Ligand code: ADP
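Have a look below at one chain only, the form predicted on its own, in structure tokens format.
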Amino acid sequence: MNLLFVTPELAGYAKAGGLADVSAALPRALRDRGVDARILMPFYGARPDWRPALDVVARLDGMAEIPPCELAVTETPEGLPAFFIVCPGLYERPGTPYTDLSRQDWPDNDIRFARLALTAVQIITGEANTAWRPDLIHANDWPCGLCSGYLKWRQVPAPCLFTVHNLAYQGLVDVSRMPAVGIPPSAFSMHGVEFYGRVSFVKAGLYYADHVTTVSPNYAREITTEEFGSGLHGLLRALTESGRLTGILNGAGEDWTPQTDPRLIRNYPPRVRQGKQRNAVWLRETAGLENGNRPLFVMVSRLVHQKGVDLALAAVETIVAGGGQFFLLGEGEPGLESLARATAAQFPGSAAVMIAFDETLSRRTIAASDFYLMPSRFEPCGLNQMYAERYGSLPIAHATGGLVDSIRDGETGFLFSGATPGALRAAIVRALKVYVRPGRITGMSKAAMGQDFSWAPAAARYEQIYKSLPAR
């Protein structure tokens, strides 16, 4: 089976969120099962960690306002075959895959990601004249939503699976942009791309795909409700009733392993508490926290409303009053950044914040911590709670989405119902009571570290779904 895995981001090259980690790990796990999975993504130019050595193999035509591009092949540092779309005018810009340096969406994101989807279809139809051709496309999130649409509108008899990583990001554009990206007028209807008078890339992915997956079983159930369905719950409910919506829990990459992670100050186990304490000493010195054997609560997150950052900041007083310390690492909405700085300033030596995104510091922070805060208002899957458990840090999380599927309350972490400051504070008090019982917290840490979050079960389930799709 030849699989084209289409994604806008990839860990180790261009990362904005969890999709990057999935894009690096799932295709590798599929290859371990004999699926010839290859990545397709834009070439964003040189990056600090890796500059792909590109071999241009094709020049592809544009369509409407979508410009032509070059198609290049390479391998990731881990040996994963990949196609890169070379189109400097669209992709080689500073910032994230989606935003400029001021965190504003690129105004031509519709063209940028229509180019990505169109390239996928040109590869599967043979227009790229590549020696390798896919049997099916696996498209991810709204930037790849037009993949399934282009297949249907061009009457290409090839299957497409579409994965929703976060339904809140929908790729909405004005209806006037339809001709620019080659969407036919007939597609602008309830049974198509129309969404409250606008065009939704994610709805295109949902409506035209042969099968839809989400990144956890619980999230697949939640998004069929009005509360979590972002206005698409009716369509998602219909997909569920027809057997075309499946929730598959993400895994955690094997590089997130405290025994071998080269970025940690000290690796562990066998001596878990000692290893964590050595990382904690480094973090306290780096963050400006007072030295001492105090329970350390951390949060590593994009600073956005979804993640419940404001709830965590409202609970800092409870943490400090209970003898603990708090550290927040992340960047995002200016208002939340300001609130984080102001909160930390109220508790010098006991609370600290670093407005940044840094992979090494992220790993050391999780390794150093006793407890990991994840009060997300909604969380399709979440990966950081899995990383925390792998590193023996007990997550304190809102019982939503994939957090329910990956944390056993009172055994590998703490779950609370209702995204409110009071509910989070109560969970923190529970955690503090566990901390003063060395045998209890050690037992929970070991249970958390012993969970199987490998990608193998997810890869097996995806392969099963691929095989169920209509053949070319």
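Please read these numbers as outputs of a predicted model, since none were measured by experiment. Numbering starts at 1 and follows the sequence shown.
This protein has a second form, the form predicted in complex with the ligand, left out of what is shown; the following refers to that one.
Taken together, the three residues F357, E379 and Y387 all come within 4.5 Å of the ligand in the predicted bound form, as judged by their closest heavy atom. Within this chain, H211 is remote from the site of the ligand in the predicted bound form, having no heavy atom within 4.5 Å. Within 4.5 Å of some heavy atom of the ligand in the predicted bound form lies at least one heavy atom of E331. In the predicted bound form, the ligand lies farther than 4.5 Å from every heavy atom of R273. Although the partner is absent here, K307 sits close enough that one of its heavy atoms falls within 4.5 Å of the ligand in the predicted bound form.
Of the stretches 171-179, 371-379, 286-294, 107-115, only 371-379 has residues with a heavy atom within 4.5 Å of the ligand in the predicted bound form. Only one of A344, L245, V300, L71 comes within 4.5 Å of the ligand in the predicted bound form through a heavy atom, and that residue is V300.
Here is the short version: of W256, F327, F228, Y91, the single residue with a heavy atom within 4.5 Å of the ligand in the predicted bound form is W256.
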